[in-house]
Ligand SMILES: Nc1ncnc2c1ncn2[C@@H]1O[C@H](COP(=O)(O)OP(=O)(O)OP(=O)(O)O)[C@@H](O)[C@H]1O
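For reference, the chain that follows is the form predicted alone, supplied as structure tokens.
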Amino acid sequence: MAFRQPLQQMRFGGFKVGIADAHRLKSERSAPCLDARGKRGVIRLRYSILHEPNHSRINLPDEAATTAFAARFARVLLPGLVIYLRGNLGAGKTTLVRALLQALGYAGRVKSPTYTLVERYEADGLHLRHFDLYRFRDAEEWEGSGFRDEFDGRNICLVEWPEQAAGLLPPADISLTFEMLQDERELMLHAYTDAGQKCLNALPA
């Protein structure tokens, strides 16, 4: 994959301005330019820098490892988190949610919301919403069923197949991405917000 040059030049009238590449995460300036009268010109630009999400990888050789990770993750959950669960069918997304709820002390049956699209739980003083949007197709259903109201800053929303509701879901604080390898699974953890990073920073070793 080709990378962009770290500094691009843009010309404004007789002035030349350096623009930082977001991959470098810092700005650079070109040599000062003089106008036609020999005076130094200064142009100030305001722009935001897009930061890459912080991430880490965890190997999950078997279901017991997934359960052990879920127990660790359950200890650092914060109200209001939006967590995307990504991965192919059978990768372990629902298994993780089930183990997470059990780690929080939920004793009831944890059903896959493949047809209901969402299941609601309360455990250890937390309100959790488990979405499975694999069969979601109708944007009007999102509003009509009140799904938007579930993302209220208090519920912890765990969303499988978030790409099926692209443009409707709020952004993720954390995404957990399962990759199926030859003999095991690998879990990629991404934090996209301060709340998500706080959660992952507190994750027990």
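In this text the structure is predicted, and so the values were computed from the model without any measurement. We number the residues from 1 along the sequence you see. Each form is matched to the other, and the largest set of C-alpha atoms that superpose within 1.5 Å is called the rigid core.
Omitted from view is the form predicted in complex with the named molecule, to which the following refers.
- With the named molecule left out of view, the stretch that reaches within 4.5 Å of it through heavy atoms in the predicted complex is, among 60-68, 148-156, 135-143, 164-172, 60-68.
- Among heavy atoms of His190, none comes within 4.5 Å of the named molecule in the predicted complex.
- Mapping the unseen interface onto this chain, Asp194 falls outside it, with no heavy atom inside 4.5 Å of the named molecule in the predicted complex.
- Shown alone here, Ile83 lies farther than 4.5 Å from the named molecule in the predicted complex, counting heavy atoms only.
- Under a 4.5 angstroms non-hydrogen atom cutoff, the named molecule in the predicted complex lacks Ala123 among its neighbouring residues.
- In terms of contact with the named molecule in the predicted complex, the residue from Leu117, Leu128, Ala103, Ala91 that brings a heavy atom within 4.5 Å is Ala91.
- Here Asp194 does not count as shifted, since its C-alpha moves by less than 2 Å between the shown form and the other one after the core is aligned.
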